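Next comes just one chain, in structure tokens: the form predicted on its own.
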Amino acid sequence: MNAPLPTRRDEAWRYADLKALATVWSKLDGPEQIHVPAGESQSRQIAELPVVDGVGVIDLDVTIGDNATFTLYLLAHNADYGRIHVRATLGNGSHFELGGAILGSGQQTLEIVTETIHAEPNATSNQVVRSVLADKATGSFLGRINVARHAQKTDAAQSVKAMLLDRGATANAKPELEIFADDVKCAHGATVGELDKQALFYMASRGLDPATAKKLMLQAFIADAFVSVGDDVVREGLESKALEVMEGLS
């Protein structure tokens, strides 16, 4: 990659592990180009990052044609520093769906960064990201939605939630809206919390041991990110992989 190494003055790299990134920066290719033709549907699932020297980076540049749909489901977990960046440009009447999970422990730094560009009218987008973080891991979501002046009837939503299993873990959430049209519906929400102790107590009172109760609560929490997956086999595979990773978290 010929571009200069980013700095934290670039908001999109605000929480990145730039020291780790520097070790592989020159080896990275440019973004992968994905084009969804008008009227068609495509989907992509990423269950693991391609890791080199502990660093895994994925960069996607997606163009979604008129009345087309692109769905993307992500798991960020298997890197010391992992970053998934997605830039999606939507055509007239198109739809972009993203479901992502960040699962970190130890000293990991993991992030999902999205740029959703509503360039034409009548398009919709929905992004759901869930993070479970243990030890001193850092998980970040930065999501920018841009709505062009003539992109009326846009409907865009983001839901970002993080669960901290240890007080040393860190969750960053930065949803951002830049809207120039006036007939739109855009919403975002972000929360950071811990496992509900009352819920754990209630489950224990019904005979569940603490480990099982915790597992069920985390499984339900992460499942939100994949609820829109239409293929049961794909959804169950993603949830199974996420559960496998979470079992290794403290």
Partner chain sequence: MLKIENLHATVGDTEILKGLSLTINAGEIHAIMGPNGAGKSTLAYALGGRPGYDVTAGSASFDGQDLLDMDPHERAAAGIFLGFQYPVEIPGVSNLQFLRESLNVQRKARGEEALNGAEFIKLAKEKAALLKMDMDMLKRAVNVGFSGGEKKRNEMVQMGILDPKLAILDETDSGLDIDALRTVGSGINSIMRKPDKAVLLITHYQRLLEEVKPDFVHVLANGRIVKTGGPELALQLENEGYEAIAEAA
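Residue numbers count along the first chain shown, from 1. What you see is a predicted model; the values in this text were computed from it and never measured.
There is another form of this protein, the form predicted in complex with the partner chain, and it is not shown here; the text below is about that form.
Please identify, from 178-186, 216-224, 30-38, 46-54, the stretch that has a heavy atom within 4.5 Å of the partner chain in the predicted complex.
Result of the contact check: 216-224.
Could you confirm whether S26 comes within 4.5 Å of the partner chain in the predicted complex, counting heavy atoms only?
Outside the cut-off, so no.
Should T212 be counted as a contact of the partner chain in the predicted complex, where contact means heavy atoms within 4.5 Å?
Flag for T212 set to yes.
Contact between A190 and the partner chain in the predicted complex at 4.5 Å, heavy atoms?
Taking the distances in the predicted complex, the answer for A190 is no, it never comes within 4.5 Å of the partner chain.
Residue-level question: is M203 within 4.5 Å of the partner chain in the predicted complex, judged on heavy atoms?
Yes, M203 sits close enough to the partner chain in the predicted complex that at least one of its heavy atoms falls within 4.5 Å.
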